[in-house]
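The chain that follows stands alone, in the form predicted alone, written as structure tokens.
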Amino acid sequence: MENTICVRMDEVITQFAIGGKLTESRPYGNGHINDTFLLTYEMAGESKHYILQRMNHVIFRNPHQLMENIVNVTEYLQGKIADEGGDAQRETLNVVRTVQGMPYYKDSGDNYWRVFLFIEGTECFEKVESAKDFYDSAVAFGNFQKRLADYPAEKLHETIPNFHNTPSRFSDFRNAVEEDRMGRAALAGKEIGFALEREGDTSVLTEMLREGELPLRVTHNDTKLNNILFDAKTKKAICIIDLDTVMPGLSLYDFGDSIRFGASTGAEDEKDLDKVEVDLDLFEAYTRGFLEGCGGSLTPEEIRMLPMGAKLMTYECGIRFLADYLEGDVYFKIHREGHNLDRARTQFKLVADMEKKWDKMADIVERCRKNLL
């Protein structure tokens, strides 16, 4: 497979409008979805780097629509950044087009490839090490929301249909329980019961969107710390990356997924549930940073519902892990027996802990809101 990729790369790199001579290409990063390479070109005695990616068209079944989203959003961001006096080549991704003017290239083996300018002098972090890290990431994702607040989200394609449609995810989960194709439901009775008891929560946000109580936004949908580039010298968050899941949604999705991933005291697959709870200091740091980054672009109702975003994104992830366990671990990669069941249990423990701390979370949101007035 690796040799095949190398052969394809030899075909592909000549198709992009890159000046200079290619001197090195090597695998880059630790992403699990796309195949990523760092290209080094020499021109006039200087080196310049580019990111080459083979897109995973099994997960993203319409690469044309995906790249249309990315091009439209990044070009819009470039204009916003330039208006603010920023550096549009460092503060957002820049797509390098093919010699034919296309944002991607389809090779002779039906693989889809793209190239981005490499953002020099940056680094990224795999996990939250401090409240400051979490705060900085919140400001960055909030700023992403602010800059795209006027973008017509309804014009974006859904790169993964129903990605955060919680009622749809619940329906998939219920079907997995009823089919019980692996005979595992009896081993997860407590977890299944926990999920079923909260069915009423699943439609809260989608119903508010339908009724016009929450606005449709451009959402990133994978708001983890490692999807932000930090300046290596200043340590300031400068660029949001991994835009494959940028599509129409709710700001609460992005906020909630960050809390789910970053404000937990335990690992996503922690087996000792006594180690898993919501760290309210981290919740407050992120809430403060997110609201600051959003710069007044959120509505009062969006702000009020931030705790529900955190709870529902955590719950949704839990039922996805649990459904995959019941179906035989066909979607999420596992590294041990019962891995997806362990993952589901940590998410449900977080949900239960949020419910216990609900009033405190709401008070934190209100305090952060008032402090920005």
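Heads up: residue numbers just count along the shown sequence, starting at 1. What we label the rigid core is the largest C-alpha set whose atoms superpose within 1.5 Å from one form to the other. The shown structure was predicted, so the numbers you read here are calculated from the model rather than taken from an experiment.
Although it is not shown, the form predicted together with a small molecule is what the next lines describe.
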Exercise. Judged by heavy atoms and a 4.5 Å cut-off, are 148, 252 and 298 together in contact with the small molecule in the model of the complex?
Worked result: no
Exercise. If you check in the model of the complex, is residue 99 within 4.5 Å of the small molecule, heavy atoms only?
Worked result: no
For this session: Report whether the minimum heavy atom distance between residue 308 and the small molecule in the model of the complex is within 4.5 Å.
Result: no
Exercise. Is there any non-hydrogen atom of residue 208 lying within 4.5 Å of the small molecule in the model of the complex?
Worked result: no
Problem set entry | Residue contact check: residue 216 to the small molecule in the model of the complex, 4.5 Å heavy atom | no
Problem set entry | Contact stretch among 241-249, 178-186, 275-283, 128-136 - heavy atom within 4.5 Å of the small molecule in the model of the complex | 241-249
For this session: Tell me, out of 117, 267, 82, 196, which residue has a non-hydrogen atom within 4.5 angstroms of the small molecule in the model of the complex.
Result: 117
Exercise. Looking at 43, 330, 33, 334, which has any heavy atom no more than 4.5 Å from the small molecule in the model of the complex?
Worked result: 33
Exercise. After the core is overlaid between the shown form and the other one, has the C-alpha of residue 304 moved by 2 angstroms or more?
Worked result: no
Exercise. Once everything's superposed on the core, is residue 253 shifted 2 Å or more at the Cα between the shown form and the other one?
Worked result: no
For this session: Classify residue 265 as shifted (yes) or not shifted (no) between the shown form and the other one, where shifted means its C-alpha moves by 2 Å or more with the rigid core superposed.
Result: no
